[in-house]
Structure formats: structure tokens, C-alpha cells
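Here we start with a single chain on its own, the form predicted on its own, put down as C-alpha cells.
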């Protein structure tokens, strides 16, 4: 056995299909040509390899995100911002009633190292777990090379705003070609005429043009920052690979096309509602739900996040309501 970071994080030699097997605490992860198998002391679970890798890619890239990242209805993580819970069945009523649920807490850097190891070893050369199905090859089969460039992409996280002199710069044909579904998006730039001396302080850019060149899906990137207020737009196609359980209220502004949201109770998975968002629609996702999106055509979505670190406890203790408005 090969030690990755400490006694909790272990990867085996390759199995018959060429893939390493991973152990994290009492969780064991194995994949073959088609599936990923997860075992824990009180149960086991199986997922399609492509769905598992797409979900894990977001979990790693988002540094475990806000609250709960459900890979599906059984397995996922909870971010405690320094430590992370890895769970099986914790947010599934049937598993809890059958006493098959299991939760372990790990230091963030340890669980991230294991997940990064799985992504690196289990992602074949033909597969990009960040791309839409139309833009990547197959995740299936015996081990066939790797795609480290795809699984180690850096998430955009502006300090102030894209296009500022010391920040993320605009995408061009040389770095990011226009996506096939956004060929009709105008690429013109706004005209900016700052007063002398303010040339580095007054900036503007075409957000639609910027998003039209995105090479990933379902990956909110921070394009502007004002204290704790983050604008995190993204392009969405096919299915959101995770089911996100909120630990704060977040806002969605539909910029183009359509997304269908399946909304469930955060803790049990019971269906709550279905939301169909069209251009111009605004929706609030409360702090006590989880949601998964379906985009029949590549769509642009603005996700507005409040990064205030005090929010999870305020919502959990009832000091803030789970929803922003009472009608």
C-alpha cells in the first residue's frame, strides 16, 4: 500500500482494470470499466464512473463549496471550512431509518488529496469531467492514460473584477474560442472613458462575450467581488453533476436560455418543487433545500453568493430565516 498524506489516506496498487483503489478512514473506493463502488462499515453504493468523476471534479475545484455537495442521493461531502464530512446515506431518509448511514470527518487537505488522487488516476485521456457530454470523450473502459490538464484546471476567482489590470483578464480566440452554442453572442466591448489618473480603476467588459468562451460547464467562477458579495456566473449544459445542499441563501439570475431546477428538502431528499427559469427570471434558493439543474441547451446563469463566514451558524441556529422574503 502507498501512503498519500497520513494514515487515513491510502491508495493501493492498480487493480485488474488498471485503476488504483483508495481508502479514506473507513471508506473504500474502487472503480472498474463502468462503475465506482463505495463501501463503508454499514453499507455500500455504486455510481456510474462518469457521474462520479463529474461530481468529484466540482467538489475538488470548488474546495468543497458552500454546505453540502451530494454526488447523488447517497454519497457526498459537507464543508465545515477547515474540516469536511464524508458521508454515505446521511441525507437519505431510507438509509438513516435502516441505520446504514455513515459519516466521517477529515481535515480538508487530507480529503482533498484523496479526491485529487482519484481524479488523476481514474480520469482517462479521453475524458474531461468539466466539459459537457458533447465536448468530451468516454469515461469508460480500462485505464487509458490520464487528463491532468483537465482535472487540474484553476477556477476563476477574481480579487476585484475580470479585466482589472491586476486581475483575471479577458478571454480571446487564442486562449478560449467561442463555444459552439454561443456563436451568435456579440463580442463587442464597452467603451470606457475614465478621467485622467483613473485608467487602472475604471473598467468594464462584456460579460456575455466572456461567458460565451467558457470551456467548462456548471462551474461558477468569481468574476466580481464587493466585500462578501460575489458574482459567480457560469454556463450550464446537460445536468448539474451534483445536488447542492445550501448552508446559506443564494440567488440565481437566468441570463439566457432555460434551466429546470429540481428542488428537494436538504436533509431528507423529499421533493419540494420544480422551478423553470427563463431569461430574466430571478430565483432565491433557500438555506434549507438542495437543488439540481437541467439545461437542455447551453445556458448562461448568474449565481450571486454571500461569502460571509458567519452565515452557516446563523441559519443553523435559527437566528436567520432559511428564506429571504415572507410573502
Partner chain sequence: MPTYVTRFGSLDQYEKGGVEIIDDDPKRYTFSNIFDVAAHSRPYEKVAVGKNRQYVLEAIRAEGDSDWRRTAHDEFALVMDGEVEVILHRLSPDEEPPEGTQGSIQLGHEPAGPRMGRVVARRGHMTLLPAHAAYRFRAEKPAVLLLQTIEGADTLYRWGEICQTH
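For clarity, every value in this text was computed on a predicted model and none was experimentally measured. Residue numbers count along the first chain shown, from 1.
A second form of this protein, the form predicted together with its partner chain, is not displayed here; the remarks below concern that form.
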If we take heavy atoms and a 4.5 Å cut-off, which stretch out of 43 to 51, 29 to 37, 279 to 287, 59 to 67 is in contact with its partner chain in the predicted complex? 279 to 287
Contact at 182, 251 and 297 by its partner chain in the predicted complex, all three, heavy atom at most 4.5 Å: yes
Consider residue 267 of the chain shown here, and say whether it contacts its partner chain in the predicted complex, taking contact as heavy atoms within 4.5 Å. no
Is it the case that residue 156, even though its partner is missing from this view, gets within 4.5 Å of its partner chain in the predicted complex, heavy atoms only? no
Taking its partner chain as it sits in the predicted complex, is residue 166 in contact with it (heavy atom to heavy atom, 4.5 Å or less)? no
Test of understanding: in the predicted complex, would residue 81 fall inside 4.5 Å of its partner chain by heavy atoms? no
Checked 103, 98, 148, 204 for heavy atoms within 4.5 Å of its partner chain in the predicted complex; positive is 204
Checked 152, 175, 229, 138 for heavy atoms within 4.5 Å of its partner chain in the predicted complex; positive is 229
Within 154 to 170, which residues come within 4.5 Å of its partner chain in the predicted complex, counting heavy atoms only? 160, 161, 164
